[in-house]
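Listed next as structure tokens is one chain, alone, in the form predicted alone.
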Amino acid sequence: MFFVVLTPREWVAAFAGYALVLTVSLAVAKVPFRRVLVGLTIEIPFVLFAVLLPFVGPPPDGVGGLSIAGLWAAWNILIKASLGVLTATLLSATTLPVDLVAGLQSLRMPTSVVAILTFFVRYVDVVADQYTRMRVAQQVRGMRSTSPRSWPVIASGLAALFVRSYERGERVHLALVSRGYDGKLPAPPAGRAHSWAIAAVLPVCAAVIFGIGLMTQW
């Protein structure tokens, strides 16, 4: 993604190369096509914004009253957002959360960032289960979120969930401190060489495509 962001929007062939590398990687990893489509739905707001740029961007200077600069801006947003979503989908489909945390720790990411991500991975399911139980309890008591009249009830439920999660976090932190936790996580196991080699394939391919672009300007 570092090289994708650096790539000028006019290098269409370079973006085609990035897309080809990602497509092959998704196919090799056997990521379900449905999962890829579901991941792409997250960029719908960016798509809607990009579609408007040719009409609300700089003064029209193209065919049909469109703005050429606006078209380039729309293309820039769409292609980079799509490649970013595909990259994130590939990462999430091929890497367990615990391995992701261990990898970040091996790369010497800030300890606080790794700790926050670790506790998030550990307790997000707990909070989600608690929210589900709260929703079931509300529905059993006849609450139906079908009109704005139910919004205060939903808001109070979310507030209660936040307070409970905050209190749970304090209890977990106190339990860790009482067991000698000093803010540093245990060292991760040593990574296998072939795992790092596989992980380096995409960045190396992106670097090669970007380097060719620098030399040829596509």
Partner chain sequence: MVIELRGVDYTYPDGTAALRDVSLSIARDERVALLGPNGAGKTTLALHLNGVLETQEGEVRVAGRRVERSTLRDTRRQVGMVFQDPDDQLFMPTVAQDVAFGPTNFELPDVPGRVQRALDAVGMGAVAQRAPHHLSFGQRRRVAIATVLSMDPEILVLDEPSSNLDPASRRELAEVLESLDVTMLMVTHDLLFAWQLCPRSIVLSEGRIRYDGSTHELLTDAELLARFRLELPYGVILRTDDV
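Numbering follows the first chain given and starts at 1. So that the term is clear: the rigid core is the largest set of C-alpha atoms that superpose within 1.5 Å between two forms. Because the structure is a prediction, the values reported are computed rather than measured.
The next section is about a form of this same protein that is not shown, the form predicted together with the partner chain.
Site check V177, G180 and P186: each within 4.5 Å of the partner chain in the predicted bound form by heavy atom: The answer is yes: all three residues contact the partner (heavy atom, 4.5 Å cut-off).
Contact assignment for the partner chain in the predicted bound form, among S82, S106, T94, T118, heavy atom within 4.5 Å: It is T118.
Heavy atom within 4.5 Å of the partner chain in the predicted bound form - residue from A128, V98, A88, M143: Checking each option against the partner chain in the predicted bound form, the one that comes within 4.5 Å is V98.
Heavy atom of R168 within 4.5 Å of the partner chain in the predicted bound form: Answer yes; at least one heavy atom of R168 falls within 4.5 Å of the partner chain in the predicted bound form.
4.5 Å heavy atom contact, Y123 to the partner chain in the predicted bound form: Output for Y123 is yes: heavy atoms within 4.5 Å of the partner chain.
Any non-hydrogen atom of V172 within 4.5 angstroms of the partner chain in the predicted bound form: V172: yes, in contact with the partner chain in the predicted bound form.
Flag for Y181, CA shift 2 Å or larger between this form and the one not shown after aligning core: Shift at Y181: 2 Å or more after core fit.
Rigid core superposition, P32 Cα moves 2 angstroms or more between this form and the one not shown: It does not, since the P32 C-alpha is displaced less than 2 Å between this form and the one not shown after the core fit.
C-alpha of V127 moved at least 2 Å between this form and the one not shown on rigid core: V127 C-alpha, core-superposed: shift of 2 Å or more.
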